[in-house]
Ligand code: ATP
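To begin, one chain is listed below as structure tokens, in the form predicted alone.
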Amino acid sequence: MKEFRVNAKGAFKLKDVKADYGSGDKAETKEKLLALNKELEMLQEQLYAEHKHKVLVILQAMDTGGKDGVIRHVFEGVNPQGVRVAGFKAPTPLELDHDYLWRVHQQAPAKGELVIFNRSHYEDVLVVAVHQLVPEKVWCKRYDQINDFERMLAEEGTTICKFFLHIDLDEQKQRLQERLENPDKQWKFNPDDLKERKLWPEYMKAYEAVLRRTSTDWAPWYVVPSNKKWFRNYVVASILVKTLRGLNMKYPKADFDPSAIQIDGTALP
């Protein structure tokens, strides 16, 4: 999966990543995803039981990019007791009265917890930059601030994986049309998405800057080709499972002698 990781020291161009890329047989890949789901379920249980590591997964995408789909399919079967999804919409007046990271830091994972950010602090160098909601001299400082924030989280024991779910303009059109035509999906359609769609070139430029300037050794970005949903889910699951394996987690040992206990009886001498 190294091909999807943005090199922190290299020259990255988003146009070099094909959104419709997807290798392997679809049916076989879906079977592999089921196996990864099972392993992710076990690894997440170890994370929760060991109560040592913290894991943060950040999902960013254009509208219809598949953030909800990844959460639904990749994390199927994990224990809700140790997993939490935090969504970041337009900031409230209270949040705007604080620094832009204030609301984000409150949602960071605790020990034993896996937290998924559905959108994130990166909106403050994406939407804010594209719409010029604050002066450029303000938002351009945020790349370094975000790197420092994520470094602090990492040094405090948080493992961070960041995914940009990359679709192209034609795929977004098709998905928006499906939402309009399917009564069960019309609730997901937002007319404002069409306004954002007109700003596609500006968003691609903003995303490229984000990916190039904030993919670090401690918080890498992965650009996931996402036109093919089955391939997208497989790539995200594979990277997460490999990352969690690398934590070398173990179930904690009992602080008593299990052999000295009888159920519905007395302890052995």
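Note that residue numbering follows the sequence shown and begins at 1. Note that the structure is predicted; figures quoted are calculated from it, not measured.
The same protein has a further form, the form predicted in complex with the named molecule, not shown here; the description that follows concerns it.
A heavy atom within 4.5 Å of the named molecule in the model of the complex is found for one listed residue only; from E150, E113, E171, E123, this is E123.
Shown without its partner, this chain lists N79, N182, Q145, N190 as candidates; in the model of the complex, only N190 has a non-hydrogen atom within 4.5 angstroms of the named molecule. Proximity of D63 to the named molecule in the model of the complex falls within the 4.5 Å heavy atom cutoff.
A residue is said to contact a partner when one of its heavy atoms sits within 4.5 Å of a partner heavy atom; K67 meets this definition for the named molecule in the model of the complex.
At least one heavy atom of P91 is located within 4.5 Å of the named molecule in the model of the complex. L133 belongs to the set of residues with a heavy atom inside 4.5 Å of the named molecule in the model of the complex. Residues with any non-hydrogen atom within 4.5 angstroms of the named molecule in the model of the complex fall in just one of 125 to 133, 71 to 79, 163 to 171, 150 to 158: 125 to 133.
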